[in-house]
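So this first bit is one chain, no partners, the form predicted alone, shown in structure tokens.
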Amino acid sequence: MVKKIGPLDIYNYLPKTNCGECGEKTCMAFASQLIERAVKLEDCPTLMKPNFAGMYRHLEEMLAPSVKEVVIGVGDSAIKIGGEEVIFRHELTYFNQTAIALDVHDEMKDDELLERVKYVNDFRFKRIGEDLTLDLIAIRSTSNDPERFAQCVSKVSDEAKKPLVLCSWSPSVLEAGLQIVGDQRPLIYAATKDTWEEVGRLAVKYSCPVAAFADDDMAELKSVANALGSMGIEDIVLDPGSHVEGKYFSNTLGNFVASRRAAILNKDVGYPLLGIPATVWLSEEGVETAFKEVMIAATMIDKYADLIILHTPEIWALLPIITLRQNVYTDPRKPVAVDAGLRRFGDPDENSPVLMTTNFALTYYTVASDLESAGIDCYLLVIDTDGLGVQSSVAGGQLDAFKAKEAIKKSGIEDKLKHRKIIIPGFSARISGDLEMQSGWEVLVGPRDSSSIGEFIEKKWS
């Protein structure tokens, strides 16, 4: 088992000058931040000098993630997959979220094909202040005709604003597609034990990442990946096969887990993993199939898939997948927070209500959405509670009367109003008396659920 790198291991190869030019007070602090990936080696000016070149290269090798980071696409639309260093996210966090591709194929009618491409381009769902999107378009060759595949790739690439995955078992079909979009760095799918040499040459020629495939055979998959590596190819993605039925699905998940554990614990074949929940559509169709695809996709995201290919475009199927992905790839050690301060909703005036909430992102955006839906002209005072929700921050002391009083003073809200009344969340009722005494404001205890704010203000505010 590979020894886990600690700050002292990194510190031994740093200049040890404690000059502070990196923004940290000491070299040891800089070493800790390097492990957290909060800073880069380039942030140390001393380390970039020629006489430190050897140390820089050694540190670069030490800090390289166990799972290689692979870039698909070019420019602003390019996405990164892999680059992970831990099995469990609480150990560090996960950095590059699972990329989601929606598939098209070369026997689709033009209007259906282009509509699907546009759907991927435009897909956007805002949650907790973050735009959740689809990331790639996977073009499958179902015709096995190089010319037809090339025509399809050309039509898609003319409209697509996302990176591409070219999918075929035939090297000649893949080459036809690469002749159209080889300069866009698509992912080539797939190299097998029979085609790795031909597909590998295409990956080298066009400088593209390539997927290695072996069906439920980890030894064979490792052999194909190593063969591609021997050609000088560094950007490799592993597909251990995506079986979706009974014990075969269990084998698939077992292969995913085994691959990630081998990469992290043994530094063995550390490449991103590709899962294809869309394979469920090969044997059945209908709404139940879409439900099944969602469950398979969710499980693969939970079990280390760095890229998945989906078939169904239904919004009810995609939303649980993208929200799960957002949750899994949020740093569990650091609550998601918004900036504290005063917000305006609608067109408030000197007589408008003032409400209070915490800066936990989920709380804030829920309250904001409910205020907008209710059409209330008001002020919302967001308290810095270290990113904790109302109940947790009241219990832990991050939200108390003193902090609320200070936030009122700092916000300047007193200069905007004729009244001195504030509505606090129902779950913070215990601080209401102290807040009235310390601030001199009249405190109204609002509803526990922000969806009732509209009704509460209509009845209680005057």
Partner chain sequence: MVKVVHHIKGRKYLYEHYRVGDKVKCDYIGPVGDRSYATKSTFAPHVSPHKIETELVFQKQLAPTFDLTKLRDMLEKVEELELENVDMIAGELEFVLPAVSAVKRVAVERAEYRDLDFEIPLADFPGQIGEVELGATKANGGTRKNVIKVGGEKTMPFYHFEARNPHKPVIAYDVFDTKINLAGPVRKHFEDVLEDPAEWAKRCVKKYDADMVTIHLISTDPAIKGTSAREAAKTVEDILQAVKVPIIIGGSGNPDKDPEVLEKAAEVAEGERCIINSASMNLDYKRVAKACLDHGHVVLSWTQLDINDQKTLNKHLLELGIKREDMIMDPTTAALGYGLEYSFSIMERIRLAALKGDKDLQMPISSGTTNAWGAREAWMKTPEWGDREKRGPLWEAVTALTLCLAGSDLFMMMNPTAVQLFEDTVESLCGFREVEPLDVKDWIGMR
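Positions refer to the first chain, counted from 1. From a predicted model like this one, the values you see are computed outputs, not experimental measurements. The term rigid core refers to the most C-alpha atoms you can superpose between the two forms while keeping them within 1.5 Å.
Another form exists, predicted in complex with its partner chain; not displayed. Remarks below refer to it.
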Complete contact of 48, 281 and 302 with its partner chain in the predicted complex (any heavy atom, 4.5 Å): yes
Proximity to its partner chain in the predicted complex, single hit among 133, 391, 366, 77 (heavy atom within 4.5 Å): 366
Residue among 218, 86, 340, 114 with a heavy atom within 4.5 Å of its partner chain in the predicted complex: 218
Per-stretch contact check against its partner chain in the predicted complex, the hit in 154-162, 239-247, 347-355, 374-382 (non-hydrogen atom, 4.5 angstroms): 239-247
Contact of residue 118 with its partner chain in the predicted complex (heavy atom, 4.5 Å): no
Exercise: residue 402 in contact with its partner chain in the predicted complex, heavy atom 4.5 Å: no
4.5 Å heavy atom contact, residue 235 and its partner chain in the predicted complex: yes
Touches its partner chain in the predicted complex: residue 167 (any heavy atom, 4.5 Å): yes
Stretch 427-462: residues contacting its partner chain in the predicted complex, 4.5 Å heavy atom cut-off: 449, 450, 451
C-alpha of residue 374 moved at least 2 Å between this form and the one not shown on rigid core: yes
Core-aligned C-alpha movement of residue 453 between this form and the one not shown reaching 2 Å: yes
